[in-house]
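Shown below, as structure tokens, is a lone chain in the form predicted alone; questions about how it binds or moves come after it.
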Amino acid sequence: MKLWQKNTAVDPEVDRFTVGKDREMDLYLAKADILGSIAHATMLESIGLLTAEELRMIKAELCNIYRKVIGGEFIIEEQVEDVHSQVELLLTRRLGDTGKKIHSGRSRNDQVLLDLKIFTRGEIRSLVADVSALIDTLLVLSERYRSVLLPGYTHLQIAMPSSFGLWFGSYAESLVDDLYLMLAAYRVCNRNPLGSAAGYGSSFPVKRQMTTDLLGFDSMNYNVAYAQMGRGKMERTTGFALAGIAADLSKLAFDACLYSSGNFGFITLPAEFTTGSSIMPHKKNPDVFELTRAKCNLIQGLPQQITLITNNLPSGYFRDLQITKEIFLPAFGELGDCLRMTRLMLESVEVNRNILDDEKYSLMFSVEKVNALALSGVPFRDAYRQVGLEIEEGRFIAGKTVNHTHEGSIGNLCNDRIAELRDNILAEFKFEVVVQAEEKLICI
């Protein structure tokens, strides 16, 4: 069934090519489509396009379909083009002409825009929870190992003393910054496009503020032409936020692979968290971190892929936008899986507390000696030269202690302030507004 079809049947090859992966991709949007339809039907009743009884019947049936979705029983039938058509078909089968009224005052264009935004804001909520949980894990590990030193590197050369407290805490704060970007994406996403129809409004007296309130949006996309132009832009903006998180996970995964290698030995993964070789019986491979790195590197390309699809489109709707769903919708699940697996792996990491017993790391304490001389009154450049000569002549003796006390250093990690910063950002999302609105709509 096609909502637009009249008497002429579409060529089967054209149908196959144009439908593409929509039946598969639109399953991601089924819950969102039903939520939007309930809000739309409620609005239609308020302007006299549905009776109170018709609204009751439509809402009850939509709730039945919603139960099938969350129960894994909902499918998009082979002859049906997309999720919108499937939901309308099910309503019409059960309610006859009453079901046919549901599309009054909207287009598939604003319907899919709405579905994408409802889906995306829900997925952002899940990802933010996963990021926050990983931040908690990193901060716990940072505090647990705050006094355990490890080498810091520049240019992959041994540089200065670092610590596991710094290493774990640095990723926690980096993920907090990622939440800022995610908050911006959420605010772009959480605006209601419903009522913009095909991008030029409607002669029906639709109440756009009503559906905005019913669905818990912050506001609407006011200009109907912009609402349509926002498709692709919302996905690209959110893609940048996903890419920021993915970049941190990829870097952390690389660190973990490097640090667990035999040549470094800074951390150890339990045997049950590694995989083996078919011919080398000693191997314990960090495959989870390697796959995380690869998956997250792919996710970092998401905004560029969306840009390449949408970059040269003028205003208005074009079928090109359909392809964005294929790369955008699955990305949330992939990133969420990587976040959860990273947290699981880190919780099981064993830290080497005796790294600096190896004399090859002694020279990284040279800066500590330079600074100590400077604090005693020796001009810094003279202190630098003195220690440099000691190193060249083989007379340098390392004092393997550090006394870093300033904010954010080894001895003053500021983890409590990182956590506070995270909590302040989380409060700005106001997810509870959306959750309460959606729970009121659905009679589950």
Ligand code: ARG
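Please read these numbers as outputs of a predicted model, since none were measured by experiment. So that there is no doubt, residue numbering starts at 1 and follows the sequence shown.
The form predicted together with the ligand exists for this protein as well; it is not shown, and the discussion that follows is about that form.
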Does the ligand come within 4.5 Å of any heavy atom of residue 86 in the predicted complex? no
In the predicted complex, residue 295 touching the ligand (heavy atom, 4.5 Å): no
Do residue 112 and the ligand share at least one heavy atom pair within 4.5 Å in the predicted complex? yes
Given that the partner is absent here, does residue 93 sit within 4.5 Å of the ligand in the predicted complex, heavy atoms only? no
Options 98-106, 319-327, 361-369, 166-174; stretch whose heavy atom lies within 4.5 Å of the ligand in the predicted complex: 319-327
Among 146, 191, 208, 231, which has at least one heavy atom within 4.5 Å of the ligand in the predicted complex? 231
What are the residues of 167-203, in order along the chain, with a heavy atom within 4.5 Å of the ligand in the predicted complex? none
